[in-house]
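We've got the same protein chain twice here, in two forms, each standing alone as structure tokens: structure 1 and structure 2.
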Structure 1
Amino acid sequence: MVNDSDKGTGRAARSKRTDARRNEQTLLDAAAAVFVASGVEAPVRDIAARAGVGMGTIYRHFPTRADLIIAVYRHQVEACAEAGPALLASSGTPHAALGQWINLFVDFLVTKHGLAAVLQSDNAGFDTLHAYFLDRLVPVCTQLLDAAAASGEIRSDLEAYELMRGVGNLCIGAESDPRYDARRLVELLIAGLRRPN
């Protein structure tokens, strides 16, 4: 309310947009909550109910389920993407940076119920989601991998795509099983990359 010096149509326009934005945030919150409770494949109707809106509203804001998931997790994906170069600059060695970065990625996947599973599903409806993840994170991972390979620390015959897919798979089902610690296994995987001196 610092500035509400608008009048005429301006107010209407601004206020409409404000409301819609608020509503969208409500939707994202509700979706996030439902995703935690029932996984990212929860029925649209459940999310709508949780948000207290009609189903059509969900479809208006997020035409596909992938769009919704992306919106819900965008911040975290961005943070992960931006952390790549930063770690490379600050960590001791490229391999260490890679390990830390993968750790962030695991953090992300493991805490999102069912997201890892959906990342490997070949369901056509998730194409957008797949594309978003790959577009955003594969280049970052490639950079880290290249640096570590260039420094001679690791083998150079693994694509970022394959590594990320593997890490993603290792994270499937991790939340629900106390006897399974995805992070540990991912560490082994990264350790296994190291060039046998």
Structure 2
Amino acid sequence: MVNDSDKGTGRAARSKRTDARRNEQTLLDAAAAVFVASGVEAPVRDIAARAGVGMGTIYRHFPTRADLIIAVYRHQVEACAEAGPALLASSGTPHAALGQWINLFVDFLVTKHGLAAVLQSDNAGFDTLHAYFLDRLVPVCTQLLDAAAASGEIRSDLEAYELMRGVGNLCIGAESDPRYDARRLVELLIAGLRRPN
């Protein structure tokens, strides 16, 4: 038999787990934003300040920088994967949804490029993350491309992997060259997918 005090303890534990997950999401969002702005070598204190927590909180969740970067990587993959269907449902057109999704993807790629340097010594770990990235994001990009092609907005002969690879190549080195605006070139690429009227 479960008494009322046990029920209260269960609710408190669930609430604590929910709070812990929310705090971790806040940390990951803050770290992703700092990584996009300053690279993966940005000081942890900048992440803590942006998240509104102490540095000890970050180290409690993510004991090493590699742990934090991998968690941000996975968090951003999931955010991109979840954003695709949501953008299709809320955007004015499938092409607009594709453009918005590609912007999120570009933010992710800036972070991802720094990850490679951090995980140089762990090729198997990086390969596993790359496979996860492809498994989660190629189907989402395919859905966006198919919807835009079905609506007649874009040409239909482009594969998701091909587009993602092209966007990725345009982003290489963007974080280290202030004269190069990868986002502008990516916008031109997405605009260029439109069918001529």
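Start at 1 and count along the sequence of structure 1; that gives the residue numbers used here. Owing to the predicted nature of the structure, the values given are computational and were not obtained by experimental measurement. Here, rigid core means the biggest group of C-alpha atoms that superpose within 1.5 Å across both forms.
Comparing the two isolated copies of the chain, the second one is the form predicted on its own. Superposition of the larger rigid part on its C-alpha atoms leaves the smaller part rotated by 68 degrees between structure 1 and structure 2. After superposing on the rigid core, the C-alpha of residue 24 is displaced by 12.9 Å between structure 1 and structure 2.
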